[in-house]
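Here's a solo chain for you in structure tokens, the form predicted on its own.
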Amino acid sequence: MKQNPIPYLEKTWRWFGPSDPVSLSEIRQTGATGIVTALHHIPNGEIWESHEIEKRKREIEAAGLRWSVVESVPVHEEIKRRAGRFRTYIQNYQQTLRNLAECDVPVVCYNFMPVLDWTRTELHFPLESGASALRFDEIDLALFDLFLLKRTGAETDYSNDVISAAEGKKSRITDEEKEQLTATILAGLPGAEEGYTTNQFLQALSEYDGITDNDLRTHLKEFLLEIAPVAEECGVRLAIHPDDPPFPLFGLPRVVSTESDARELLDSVNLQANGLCFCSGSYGARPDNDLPGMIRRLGERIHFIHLRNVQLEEGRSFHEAAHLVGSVGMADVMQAIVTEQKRRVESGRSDSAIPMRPDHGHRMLDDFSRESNPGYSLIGRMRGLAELRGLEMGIRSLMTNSH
């Protein structure tokens, strides 16, 4: 008797709304079927009303696609600090989840990174192939922090070797390069909801004075204790994105960087709705993270997957590699995901077709002649999606034949 095939991962694509240079009609041609987007025009902390959600959903469905994942419903900074109007913002978050459930948008990605979202120091790092990539350079970050931002106490966050290298580089870079570095770090990357001037950034950092790692963990747990039961009740799956990069920046605590961080978060509110966005690039930027092992051990609570690769460099520096080539063993990661999906099918779970998107992409070929958000080029991501689809198909074929 022929068995029903295991459903494949749902192939999704990040879209930044009507202003995105990549159109929905182009996305449909890439092989993606689901859209990952947000209502970026609604201020942080405000309720996403049902009519606004439905308007965006109709726009997506008119293009023959499905709104699969919200990325993100931003967590207001006052929630992270448990200050100001945080209780009102939590109530608004709860109502937004109810409204998304009512509109049948099932997965909500979010993050709990203070002040800055994902951070890079270079947006067009040239590769030998002729393409370009995003890059994080520890020396450049230290140069900015120590000598451009001039943050009080910054020198305690870097090794003597890093400080020395930053001092040496400071004397060599031009004013234009300094301005570009500042803009890259502070202006806000795609998906980040806020950008800052230098003075605004220093003020935002000062608001976290005295907030420790343990404080931020407690604030995250208290937030989840209030929103996860609402998500569980209305059938929404929450997926927290890890810190990117997965270590502290600018003296700010970061608490979703390792497997132990993720396990503590899941155990603190042990509801199925309280889950993870598994980002292979973010977790993979730390060599001490065992990515396939994390999927095997935490997989039942993974609700959304970002697949990208990083090439680790000296210290904490890295650049974003092609999806199948880099420090992340993508074949092992994909095999662990497919195994988790097979387990879900066998146990009768309804969420077996886990949404996955090719995260970031090189700028390549015609990407150079058209506008695109950094990391979100059309052709570079389409290459990544095609490679990941082929990898998944090959692994499934091998697993089937081996049985």
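Source: prediction; values computed, not measured. All residue numbers refer to positions in the sequence shown, first residue = 1.
Omitted here: the form predicted together with D-mannose. The next part is about that form.
Just one of Phe223, Trp118, Tyr89, Phe136 comes within 4.5 Å of D-mannose in the predicted complex, counting any heavy atom, and that one is Trp118. A heavy atom within 4.5 Å of D-mannose in the predicted complex is found for exactly one of Thr96, Ser72, Ser257, Ser132: Ser72. The candidate stretches are 41-49, 364-372, 64-72, 339-347, and the one lying within 4.5 Å of D-mannose in the predicted complex by heavy atoms is 64-72.
D-mannose is not drawn, but in the predicted complex it has a heavy atom within 4.5 Å of Arg14. D-mannose in the predicted complex is not approached by Arg56, whose heavy atoms all lie more than 4.5 angstroms from it. The closest heavy atom approach of Phe201 to D-mannose in the predicted complex falls outside 4.5 Å. D-mannose is not shown here, but in the predicted complex it comes within 4.5 Å of a heavy atom of Asn111. Residues are counted as partner-facing when one of their heavy atoms sits within 4.5 Å of D-mannose in the predicted complex; in 290-327 only His306 qualifies.
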